[in-house]
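Shown below, as structure tokens, is a lone chain in the form predicted alone; questions about how it binds or moves come after it.
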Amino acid sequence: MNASTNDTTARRIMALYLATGLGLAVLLMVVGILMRMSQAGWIRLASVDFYALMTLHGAGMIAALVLCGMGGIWYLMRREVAMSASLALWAYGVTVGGVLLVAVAAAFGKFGAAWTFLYPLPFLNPTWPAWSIGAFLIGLTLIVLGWTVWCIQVLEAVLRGFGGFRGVLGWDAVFRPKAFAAAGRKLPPPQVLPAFVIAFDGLLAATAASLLGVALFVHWLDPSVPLDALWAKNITYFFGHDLANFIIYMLIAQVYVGLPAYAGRPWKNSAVLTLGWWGTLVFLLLAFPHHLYMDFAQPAWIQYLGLGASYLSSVPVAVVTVFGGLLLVWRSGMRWGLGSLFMYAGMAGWILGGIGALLDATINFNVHLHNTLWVPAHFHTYLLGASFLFAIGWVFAMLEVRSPDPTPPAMRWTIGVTVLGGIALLVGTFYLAGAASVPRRYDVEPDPGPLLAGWGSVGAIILVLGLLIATLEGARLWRGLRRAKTSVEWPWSPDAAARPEGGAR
């Protein structure tokens, strides 16, 4: 290996990915607030504008959080194995270029077929011009291309640095534990597991997305060429569902490294943790059919496969990673800063969102819930209430770990209550609306939709205000580091965590 624990270039590239992703995410939160305010009747968006904003919000938010995960994992792997900075910048540029094209298609072309763009909806008597369809498809193609390059680079680096598939997957530690221990061998650091799983599965998903993209381009250029709608829907959700779920697993890599800094203990890899990621490697790819229960032409065995994989995918999360996080914190003398607060709360959001998702993935519940606001409820919980918190928790950990002037308790409480309280109120109204059968993707909702949308708007506004305060506090911590001329690099190795100065027990 050619690890570097003081790599300024790597830190800057990670900061570029994170700043772009988080900045875009906050901007799209404002877009989401406008949609909820319109549904509440506080303002009135024209239907064509509402659905264009909905498309921009959905596709853009996924891309924003993907960028956060890409930057974090690339940085962590660069610490362990030599990787090309120029290739990482190329992947970043192509991905951001794709996001900008999607924004142009939605904002100026009023493309409003949602982030799922399910065939044949984009092409059937649309209110948007033909060029916006092409701009949207080209934008998604660029995002997939940037993602593919990133997956290839990370996968190659992980396999090169940790003994190929056998070493990364801990084959000998699982099946020959005594010989493995006697030889003095060690498993890779835990953050290598999500890097490998996401790069491997992500490459498979990107291949499928590329096939679909070519088919959609052909139909756009020559509408007389038909596509099979059920085939297109399966491929769309195979990629789209997987990419949305990859976000959580990418960002948990940062928690594996960041949370131990506050607990004063390393998050060690083990045969159990490795086996859990074996399951994730498989179940992530097989769970998407739970989006297709309403497609009665779909073979029944595929639907049951999706149901089983959905349930089994929760086992590695709950039993291995989240329970492992609880054990890491338990009686550790935990120091609570904004970084540890957000990362720890994010694991709770992951579980809560996962429970909501599992209910929706259960066929008898799905009949009643799937076309309601229950669906935005559960994915806002684990994207906003978990993934986004992991990302901002990582940023604060990078600042707090060497800060000479830690965040005062009153400020920590203010930020925690506003950010977490705002998220809870926002997603809670989605769950209540879904349970009351308020349909999703309606710009004008039946009762009690408008009332709940109003309360959801209040929660979202509180959240944005909390994030504004958090940004100001982050800037204060950064200025303190610059005045003290202190590097923001981690002062610990993945195998020997050191508790940061400051913070409260």
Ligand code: HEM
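Note that residue numbering begins at 1 and tracks the sequence as displayed. Keep in mind that what you see is a predicted model, and the values were worked out from it rather than measured.
If you look for the form predicted in complex with the named molecule, you will not find it shown, but the lines that follow are about it.
Scan Phe180, Phe200, Trp220, Phe379 and let me know which has any heavy atom within 4.5 Å of the named molecule in the model of the complex.
Result of the distance check: Phe379.
Going by heavy atom distances of 4.5 angstroms or less, which of Ala206, Val419, Leu383, Val257 would be at the interface with the named molecule in the model of the complex?
The residue in contact is Leu383.
For Gly58, is any heavy atom within 4.5 Å of the named molecule in the model of the complex, or not?
Yes, Gly58 lies within 4.5 Å of the named molecule in the model of the complex.
With the partner left out of view, is Tyr442 within 4.5 angstroms of the named molecule in the model of the complex by any non-hydrogen atom?
Flag for Tyr442 set to yes.
Is Trp350 a contact residue for the named molecule in the model of the complex, using a 4.5 Å heavy atom cut-off?
Output for Trp350 is no: heavy atoms all beyond 4.5 Å of the named molecule.
Can Trp115 be called a contact residue for the named molecule in the model of the complex at 4.5 Å between heavy atoms?
Yes, contact at 4.5 Å.
Look at the stretches 316-324, 356-364, 425-433, 190-198 and give the one with heavy atoms within 4.5 Å of the named molecule in the model of the complex.
Within 4.5 Å of the partner lies stretch 425-433.
Under the 4.5 Å heavy atom criterion, name the residues of 18-52 that approach the named molecule in the model of the complex, in sequence order.
Going through 18-52 in order - heavy atoms within 4.5 Å of the named molecule in the model of the complex - the hits are Met29, Gly32, Ile33, Met35, Arg36, Gln39.
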